[in-house]
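Let's start with one chain on its own, the form predicted on its own, as structure tokens.
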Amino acid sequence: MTTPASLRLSSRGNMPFGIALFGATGVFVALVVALLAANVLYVRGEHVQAAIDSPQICYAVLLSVCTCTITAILSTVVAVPAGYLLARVPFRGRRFVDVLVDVPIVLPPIVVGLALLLLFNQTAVGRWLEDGVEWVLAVLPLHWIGLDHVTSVTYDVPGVILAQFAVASAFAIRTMRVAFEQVSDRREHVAQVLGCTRRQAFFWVALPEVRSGIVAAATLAWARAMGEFGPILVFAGATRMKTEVLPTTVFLEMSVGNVEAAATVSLMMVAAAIVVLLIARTVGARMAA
């Protein structure tokens, strides 16, 4: 397919506009490259080996992977029906609900953590929820995954997951809404005319069409959960070998002046984010094709 002459930036009349476009993009790309290069060049082999030998960092890596995966699954389970509701179903108050969904995105992270802390410690509903979670934790065979010490929500592993979920799910819902809005609902209407119920049209028609959106929502939720710091610090704490995840590890190492360990952990998070993004782009492209 040939590009129209009016859209080609190489023509003489479009050169200033093209320079402006590439200049603005180049500034940001150069900043990202400089940040990554600074981290990579600072970390040496002995720093990586020291991080691998550290039981605290190894525990933080394992806990981060487990909690982020659980958060991504929970966020996706909530985001698919919520995104479909906001994109397809007209109801009174939809605009208000749409605004509420975006609240965790625009709130300062530390405010989210404080709100969770107040909910679970100062309200009857929060105490009832914590009692229910404690009952579930007592039933689950958590000793299989080394979390038999988990007995509560606040300042424990469930608090890490809840703090991550409170923010990551909002990004997942927004992604799923956009995915459903980009797909025409005509096939769903045809399926209902041919005898399908709304539920059958959703599972058999709408859901397969947004597979790439589901992958994108889960990936975004996982990546957002991996970088979450403020809510976790306030609501779950940063107790080593208990609620310490990678972002809090960077904070703890920086607080004691161990810049090498903090930089090494930061590089681990960068590598994990790049791998997740590459996997998501590849899987999403194949599903879309």
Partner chain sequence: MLTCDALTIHAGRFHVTNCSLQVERGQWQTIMGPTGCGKTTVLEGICGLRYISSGSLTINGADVTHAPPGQRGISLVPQDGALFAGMRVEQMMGIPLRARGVRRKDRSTAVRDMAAQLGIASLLRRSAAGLSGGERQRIALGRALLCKPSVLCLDEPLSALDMETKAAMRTVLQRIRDKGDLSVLHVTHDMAEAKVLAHTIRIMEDGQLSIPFEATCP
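All figures in this text were calculated on a predicted structure; none of them were measured in a lab. Residue numbers count along the first chain shown, from 1.
Omitted here: the form predicted in complex with its partner chain. The next part is about that form.
**Student:** What is the one choice in C196, L117, V78, L85 with a heavy atom within 4.5 Å of its partner chain in the predicted bound form?
**Tutor:** In short, C196.
**Student:** Find the only residue in Q200, N121, Q182, S152 having a heavy atom within 4.5 Å of its partner chain in the predicted bound form.
**Tutor:** If I apply the 4.5 Å criterion carefully, the residue I get is Q200.
**Student:** Given the stretches 68 to 76, 109 to 117, 206 to 214, 154 to 162, which is the single one in contact with its partner chain in the predicted bound form, using a heavy atom cutoff of 4.5 Å?
**Tutor:** Correct option: 206 to 214.
**Student:** How about A191: is it within 4.5 Å of its partner chain in the predicted bound form, going by heavy atoms?
**Tutor:** Yes, A191 lies within 4.5 Å of its partner chain in the predicted bound form.
**Student:** Is R92 one of the residues lying within 4.5 Å of its partner chain in the predicted bound form, judged by heavy atom distances?
**Tutor:** The answer is no: R92 has no heavy atom within 4.5 Å of its partner chain.
**Student:** Is there a non-hydrogen atom of R187 within 4.5 angstroms of a non-hydrogen atom of its partner chain in the predicted bound form?
**Tutor:** R187: contacts its partner chain in the predicted bound form.
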